[in-house]
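Only one chain is shown below, in structure tokens, and it's the form predicted on its own.
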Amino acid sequence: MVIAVIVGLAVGTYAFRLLGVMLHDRLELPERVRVVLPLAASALLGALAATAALTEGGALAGVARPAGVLVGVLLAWRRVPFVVVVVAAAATTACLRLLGVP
């Protein structure tokens, strides 16, 4: 059952992407939609990141994870290499949890 779901999602994703490529020249979007579409994608990505960073199992994730994410955001903003950003964010969260911070 799980394999069927994975294959179904993979086929659906591929078809959706292929449809975008095939309709690229045939579909005319209004100018207002062209302006808003990239903003909507950014807003959706931000909402997904915030949800993943701040919640766990439908409740707030505590303090340690958002603190780690904040460290990662600050380091990324300072253009630190990506590996350092990920390791520092994970280390911050791990250290806070080791100290008993939820």
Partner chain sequence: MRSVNRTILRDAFAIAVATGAVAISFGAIAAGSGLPPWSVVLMSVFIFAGGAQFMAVGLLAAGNPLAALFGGLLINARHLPFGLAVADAVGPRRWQRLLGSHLVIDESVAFALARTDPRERRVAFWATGALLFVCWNLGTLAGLALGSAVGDPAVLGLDAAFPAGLIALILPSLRDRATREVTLAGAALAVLTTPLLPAGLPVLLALGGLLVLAIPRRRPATPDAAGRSSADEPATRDGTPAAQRETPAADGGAPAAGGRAADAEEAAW
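For the two forms, the rigid core is made up of the largest set of C-alpha atoms that agree within 1.5 Å on superposition. Numbering follows the first chain given and starts at 1. All of these numbers come straight from a predicted model, not from anything done at the bench.
Beyond the structure shown, there is the form predicted in complex with its partner chain, which is absent from this document and is the topic of what follows.
**Student:** Can any non-hydrogen atom of Ile3 be found within 4.5 angstroms of its partner chain in the predicted bound form?
**Tutor:** Output for Ile3 is yes: heavy atoms within 4.5 Å of its partner chain.
**Student:** Residue-level contact is defined here as any heavy atom of the residue lying within 4.5 Å of its partner chain in the predicted bound form; does Pro30 satisfy this criterion?
**Tutor:** So Pro30 does not count as contacting its partner chain.
**Student:** Does any part of Gly100 reach within 4.5 Å of its partner chain in the predicted bound form? Heavy atoms only, please.
**Tutor:** No.
**Student:** For the stretch 1-39, I need every residue with any heavy atom inside 4.5 Å of its partner chain in the predicted bound form, listed N to C.
**Tutor:** Result: Met1, Val2, Ile3, Val5, Ile6, Gly8, Leu9, Ala10, Gly12, Thr13, Tyr14, Phe16, Arg17, Leu18, Leu19, Gly20, Val21, Met22, Leu23, His24, Asp25, Leu29, Glu31, Arg32, Val35, Val36, Leu37, Pro38, Leu39.
**Student:** By the 2 angstroms cut-off, has the C-alpha of Phe82 moved between the shown form and the other one once the rigid core is superposed?
**Tutor:** No, shifts by less than 2 Å.
**Student:** If the two forms are fitted on the core, does Val36 show a Cα displacement reaching 2 angstroms between the shown form and the other one?
**Tutor:** Yes: Val36 shifts by at least 2 Å between the shown form and the other one.
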